[in-house]
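One chain is shown next in structure tokens, namely the form predicted on its own.
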């Protein structure tokens, strides 16, 4: 039973962070933009959802407004970078820092609880099931939302705007030659990415039935690890799209994280996240593969002393 509960939690949390990873995929892989505002837009989505819900707003509308709030946060980062010519990394840091106060101001404190309210992940149907059953039903609901986000993102990337968004990261000169402004597509990508991250923040709050001002800490690190793992998977399975790989990467990452936390304890969560992220970066850089190739290459070159020496 404990194993089933743990697997249910892994799937549910994996799917929640898959939505975050889809957003970070846009900035990291498509735009090649180091967006650190994610650590602020994740709790922004949570606090907007929590405050609206506790004030009588239906949960679907609250989730939509959370997405829009995240888009606005991403747009702020884009304006700082594009219009004010501030470095991309610093633009994200400025937005993230500002959102720490904005989130606290919206919440009116460090925490907002809504355990008695009906949401996508906590309602009369889900809460009436046994613990194990409710976890898997919640995971199924979250999977449906992840699938919707993935499909919509894939469809968008096939449109003219989506093509120009990808070209902005890969070949900005071509976009300029087509008479398009790459700055507009940078802001579009940042808005869409942070909107998805904020949507995931609203899901995370629903899972915990509470908003906590510290919930965004380390979000960008986890999301980047999920994206890197997912892109490595999709690179080796050519029929798989990067967006699908990112979702699988989130599940794999959270499964590894959960096992490590069971062994070492939750007190070392941030240390475990840092170590896992380092290992993912080392793996992505190809250092492990090159080292193994060098070692085995040297072993192959060393021929054992054999017949000719013995004959002599």
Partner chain sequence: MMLELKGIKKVFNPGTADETVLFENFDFSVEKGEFVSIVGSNGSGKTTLLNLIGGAVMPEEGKIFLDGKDITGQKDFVRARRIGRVFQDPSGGAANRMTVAENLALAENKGKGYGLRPGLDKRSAERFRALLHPLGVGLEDRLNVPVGALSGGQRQLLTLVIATLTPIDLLLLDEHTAALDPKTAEETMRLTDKIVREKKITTLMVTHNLRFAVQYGTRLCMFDEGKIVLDKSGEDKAAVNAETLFQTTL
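Residue numbers count along the first chain shown, from 1. As the structure is a computational prediction, the values presented were derived from the model and not from experiment.
Although not depicted, the form predicted in complex with its partner chain is the subject of the following passage.
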Exercise for the section: Would you confirm whether the three residues 117, 122 and 212 all fall within 4.5 Å of its partner chain in the predicted complex, going by non-hydrogen atoms? Expected result: no
Handout entry: The single option of 221, 143, 167, 75 touching its partner chain in the predicted complex, heavy atom within 4.5 Å
Key = 167
Completion exercise
If we test each of 84, 237, 105, 174 for a heavy atom within 4.5 Å of its partner chain in the predicted complex, the one that passes is 174
Practice task
Report yes if any heavy atom of residue 160 sits within 4.5 Å of a heavy atom of its partner chain in the predicted complex; otherwise report no.
Solution key: yes
Handout entry: its partner chain contact in the predicted complex: residue 181, any heavy atom under 4.5 Å
Key = yes
Exercise for the section: Could you confirm whether residue 30 comes within 4.5 Å of its partner chain in the predicted complex, counting heavy atoms only? Expected result: yes
Problem - residue 156: touches its partner chain in the predicted complex, heavy atom cutoff 4.5 angstroms - result: yes
Completion exercise
In contact with its partner chain in the predicted complex (heavy atoms, 4.5 Å), from 264 to 272, 39 to 47, 59 to 67, 22 to 30, is stretch 22 to 30
